[in-house]
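In the block that follows, a single chain appears as structure tokens, in the form predicted alone.
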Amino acid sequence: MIDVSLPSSRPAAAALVPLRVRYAAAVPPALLAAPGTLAVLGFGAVAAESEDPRWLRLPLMPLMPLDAAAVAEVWQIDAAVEHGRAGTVRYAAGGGWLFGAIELDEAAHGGLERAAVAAYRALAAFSAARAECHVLRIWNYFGAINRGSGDAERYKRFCAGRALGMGTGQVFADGYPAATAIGVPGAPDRLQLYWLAATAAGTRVENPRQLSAWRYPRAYGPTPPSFARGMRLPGGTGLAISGTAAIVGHASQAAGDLDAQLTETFANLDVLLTAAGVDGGFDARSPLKVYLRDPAQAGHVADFLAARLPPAVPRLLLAGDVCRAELAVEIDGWRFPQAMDGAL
């Protein structure tokens, strides 16, 4: 049974206002008190916690800035925000946008695959009752992502559960959202996912350099991954970039060569921006998260990023495992239009 409380009818849709994303020192009370805060995602050794539904603590340690003990990703809008809880879902909404989050204990659901089914069924049921019913972007974090061999690998079991949960209702009937799936340190214990939804649909973007993930051949598991490479946010409000790695077609590239993987990853990102109709590459409007399997390589990756990206590009380097064991690095993020500059 899905643990989610639903209203009797869907509320009216609100007009979309611009969404902004930035990185900041992780001090939840101060960030949550700021007007228009839709979500605060905390990474690292956070000194202050919060029961506010807009706050989500993620067990990924920041590696860059190299002196940061804790970092937060902050979503803000110029609109009033209402927030609350509905069963397993914690949420905040305003200005036509919605932040939602679900955390489930794997053992309580009989393992990762069943936890993924439960989480996505709850997400779909909650979204179907909201004005912000268009799910645009999802992040998935869980432990030991590469543990197990063959079809028993945990990432493959997660993909199976996610697909089954997505099959509930009509929320995903028109296509998949943009997404990231990353392994977190430590033993498996819980599945964390959070998402962005809106009152209007986005436009899915695929990368002509890569095979669409849902078309991967059987060699990658019994159920292919269920995500789009990117999502143009409604109303021209930005681009959400899925987790992107050194994959061409469907094959991993340059196993064991970090620099070559980073080069292939940025080639994919450049092609994705072009496919999305975004000019000018990355800049101050493009906060990026870089997930690195080996924290000892953080300094080298920081140097690569400094050479590859303009200094103004916000970047957060996190310790996290990529879904394919042979891949060392993955990048996701945002690209917002110039009209949003200076609003934070």
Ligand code: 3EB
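Each residue number is its position in the shown sequence, starting from 1. The model shown is predicted, which means the values in this text are computed figures rather than measured ones.
If you look for the form predicted in complex with ligand 3EB, you will not find it shown, but the lines that follow are about it.
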- [ ] Given ligand 3EB in the predicted bound form, answer whether the residues T180, P225 and G243 all have a heavy atom inside 4.5 Å of it.
- [x] yes
Open item on the list: Partner absent here, but in the predicted bound form, which of 82-90, 201-209, 172-180, 98-106 has residues with a heavy atom within 4.5 Å of ligand 3EB?
Closed with: 172-180
TODO: Identify which of A118, I247, A254, L269 has a heavy atom within 4.5 Å of ligand 3EB in the predicted bound form; exactly one of them does.
DONE: I247
Open item on the list: Is it the case that C323, even though its partner is missing from this view, gets within 4.5 Å of ligand 3EB in the predicted bound form, heavy atoms only?
Closed with: yes
- [ ] Give a yes/no on whether Y155 approaches ligand 3EB to within 4.5 Å in the predicted bound form, heavy atoms considered.
- [x] yes
TODO: Tell me, yes or no, whether S127 is in contact with ligand 3EB in the predicted bound form, where a contact means a heavy atom of each within 4.5 Å.
DONE: no
Task: Residues within stretch 126-154 having a non-hydrogen atom within 4.5 Å of ligand 3EB in the predicted bound form - done: N140
